[in-house]
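One chain is shown next in structure tokens, namely the form predicted alone.
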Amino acid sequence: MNELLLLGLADDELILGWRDSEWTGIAPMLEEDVAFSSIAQNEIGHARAVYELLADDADVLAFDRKPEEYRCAPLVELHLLDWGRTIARRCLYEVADEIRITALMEDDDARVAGLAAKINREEAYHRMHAEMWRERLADTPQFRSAVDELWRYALGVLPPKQREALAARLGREQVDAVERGTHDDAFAALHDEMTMVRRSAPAGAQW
């Protein structure tokens, strides 16, 4: 079991879930309010399941670390207030995440492989949703520009050995990735908001 890789996965799912939840109430249509809220809940649920593989107390990993201790990819941290850029991130992330999860399904640790298979089944809806929106927006200059902008961030979701597969899937060339270990400027504010409830409770709030 590669604990560092799994921690990155869990942090990605947690932070992207929080970012997706920011569209609740302001998505461009009611159906997307519901869809993004559902996707956000799923992502956060996946994060919790992976944290539980790594620690006896998932809350400690999720909420008690300092911002610099999180292993999330900068792609998921970005505070995107534009729908086209949000969908571009969703499309890029889902392809990268599928490559990562598929590899984890072959892990030697049966617990990791089993959880990866469960997550993979649940992610099918996320991929269908992303593909639906990709087809709608693919010919728009705004979407194409957003994909170009976020491509180097998307590569940073995966370890180097898996990036060639991502580039092949998307028909793009590899470039210098925005790597884990660097945090977007907006992450500190997100971390403060995300951990506020737990910090406000003397014994620490629980999920």
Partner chain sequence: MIWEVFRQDRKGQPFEHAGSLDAPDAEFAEAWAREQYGRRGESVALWLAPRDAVHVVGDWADEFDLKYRRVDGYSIKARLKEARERAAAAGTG
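This is a predicted model, so every value here is computed, not measured. Residue numbers count along the first chain shown, from 1.
Below: the form predicted together with its partner chain, not depicted.
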Check your understanding: Heavy atom within 4.5 Å of its partner chain in the predicted bound form: which of 27, 62, 150, 35?
Key -> 35
Review point. Since exactly one of 68, 56, 31, 139 fits, which has a heavy atom within 4.5 Å of its partner chain in the predicted bound form?
Key: 31
Check your understanding: Using 4.5 Å between non-hydrogen atoms, is residue 132 touching its partner chain in the predicted bound form?
Key -> yes
Check your understanding: Any chance residue 105 has a heavy atom within 4.5 Å of its partner chain in the predicted bound form?
Key -> no
Point to revise | Contact flag, residue 128 vs its partner chain in the predicted bound form, heavy atom cut 4.5 Å | key: yes
Revision key, fill the gap. Of the candidate stretches 120 to 128, 106 to 114, 90 to 98, 74 to 82, the one with residues having heavy atoms within 4.5 Å of its partner chain in the predicted bound form is 120 to 128
Revision key, fill the gap. Looking in the predicted bound form, the residues of 78 to 117 with a heavy atom no more than 4.5 Å from its partner chain, listed in order, are none
